[in-house]
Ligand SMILES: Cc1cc2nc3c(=O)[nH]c(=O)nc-3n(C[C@H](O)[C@H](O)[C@H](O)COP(=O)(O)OP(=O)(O)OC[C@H]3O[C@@H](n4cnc5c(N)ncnc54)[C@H](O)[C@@H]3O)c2cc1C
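One chain follows as structure tokens, the form predicted on its own.
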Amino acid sequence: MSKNVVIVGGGFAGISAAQKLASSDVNITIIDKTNHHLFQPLLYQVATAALSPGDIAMPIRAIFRRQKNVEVVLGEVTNIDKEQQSVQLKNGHSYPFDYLILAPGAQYNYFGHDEWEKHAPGLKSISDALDIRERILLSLEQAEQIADPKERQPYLTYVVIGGGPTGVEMAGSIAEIAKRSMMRDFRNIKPDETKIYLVEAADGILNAFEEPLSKKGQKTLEDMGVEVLLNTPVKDIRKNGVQIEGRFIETPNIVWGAGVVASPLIKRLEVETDRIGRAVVNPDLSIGDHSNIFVAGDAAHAKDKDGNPLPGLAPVALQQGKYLGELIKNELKGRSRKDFEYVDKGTMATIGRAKAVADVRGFKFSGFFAWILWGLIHIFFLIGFRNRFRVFAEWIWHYMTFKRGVRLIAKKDEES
């Protein structure tokens, strides 16, 4: 009888595991709260009107439409019965498993201030990106109608909290919008009126990068007009602005990218977790004494060969997913398991048009070459020829014309 493999999460780890297993004699069930796989590294480009949501997302059913042994379920897992080997959904349905791969991802960590989320949205879903995009566009429209420069200043001020890759990419992209590409369409506001702040509690940005790349990233942002505030923890976030030490920045345009916490689903496993809620996994990514239950991606606390925790990056999740697919295939053939070993192929972050930093196996790049390298790799990891072609075409168009394509405001008047 064919074994049942249940995969919770349609992100990088879940999809790559299912793809590896698709040709095997197993029944695969993919459960996700949304119906699509999302290429999260490019979400900030949806938020800043460079790409459409459909450019970076694909329905999970479409990915596996030719695999008859793959079932896709739209639902939210609420409980995991490790002894009975089944997962329960919010709608009451349950699915038995012989192998379970948990890859539910992560959500933003507001460090005990969950009330900040409604004023400072993170960037983890398409709805998050569209919300931020419409905030930015609405703010520009409101500023255009205010004659007094002092009164319109808050609407031309943007605060990005967090100096990691997401925060840096977001701040750089907003700077391009506010100071160049979109300003051609407005008559009453000028590029030099805009203010963009990147707020970071640590003493540097892009801390995953070694020197001198983090400093180059900061210098590039500053040259683009972004004011980088280091050693500046956030004290409070309100609807009309951000309170930092000795200063209140008035603005409705706040984006959060200061840290993540694992999905709450991991708590229901009742296993050891780290400080951000990730499950501490065995070398084969299984948990505790349950050799048939695995955790991968942003929800897993796995270590590299030097004993350091692996970062929550797409390449880590992709390699873990492929590893688990191969592990299950081999185990069904009677082969023994091998420990997971992450191959670090480098880290990259884009800052703006023709501006990026990259650390590839000890080789450090910045500027135009790093940006080209970043673009090629991201296009390669997109799923589907259509998405790859559309993103490539949009980038070429934007590079040549400085124009951003998707600048629609869809909110109703009362929501605005």
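All of these numbers come straight from a predicted model, not from anything done at the bench. Position 1 is the first residue in the sequence shown; the rest follow in order.
There is also a form predicted in complex with the ligand; it is not shown, and the following applies to it.
Chemist: Counting any non-hydrogen atom inside 4.5 Å, which residue from Leu269, Leu313, Ile205, Ile237 sits next to the ligand in the model of the complex?
Modeler: Checking each option against the ligand in the model of the complex, the one that comes within 4.5 Å is Leu313.
Chemist: With the ligand left out of view, choose which of Phe209, Tyr197, Phe97, Tyr108 has a non-hydrogen atom within 4.5 angstroms of it in the model of the complex.
Modeler: Looking at Phe209, Tyr197, Phe97, Tyr108 one by one, just Tyr108 meets the 4.5 Å heavy-atom criterion.
Chemist: All three of Ala354, Ala370 and Gly384 touching the ligand in the model of the complex at 4.5 Å, heavy atom to heavy atom?
Modeler: Result no, not one residue of the spot touches the ligand.
Chemist: Choose one stretch from 130-138, 296-304, 333-341, 152-160: the one whose residues place a heavy atom within 4.5 angstroms of the ligand in the model of the complex.
Modeler: Only one stretch passes the 4.5 Å heavy-atom test: 296-304.
Chemist: Looking at the partner-bound form in the model of the complex, is Ile31 within 4.5 Å of the ligand by any heavy atom?
Modeler: Yes - in the model of the complex, heavy atoms of Ile31 and the ligand come within 4.5 Å of each other.
Chemist: Find out whether any non-hydrogen atom of Lys179 is located within 4.5 angstroms of the ligand in the model of the complex, and reply yes or no.
Modeler: Because no heavy atom of Lys179 falls inside 4.5 Å of the ligand in the model of the complex, the answer is no.
Chemist: With the cut-off set at 4.5 Å between non-hydrogen atoms, does Ser366 touch the ligand in the model of the complex?
Modeler: Ser366 lies outside the contact set for the ligand.
Chemist: How about Lys216 - does it come within 4.5 Å of the ligand in the model of the complex, if we only consider non-hydrogen atoms?
Modeler: The answer is no: Lys216 has no heavy atom within 4.5 Å of the ligand.
Chemist: Which residues from 1-23 come close to the ligand in the model of the complex, meaning a heavy atom within 4.5 Å?
Modeler: Contacts from 1-23: Val8, Gly9, Gly10, Gly11, Phe12, Ala13, Gly14.
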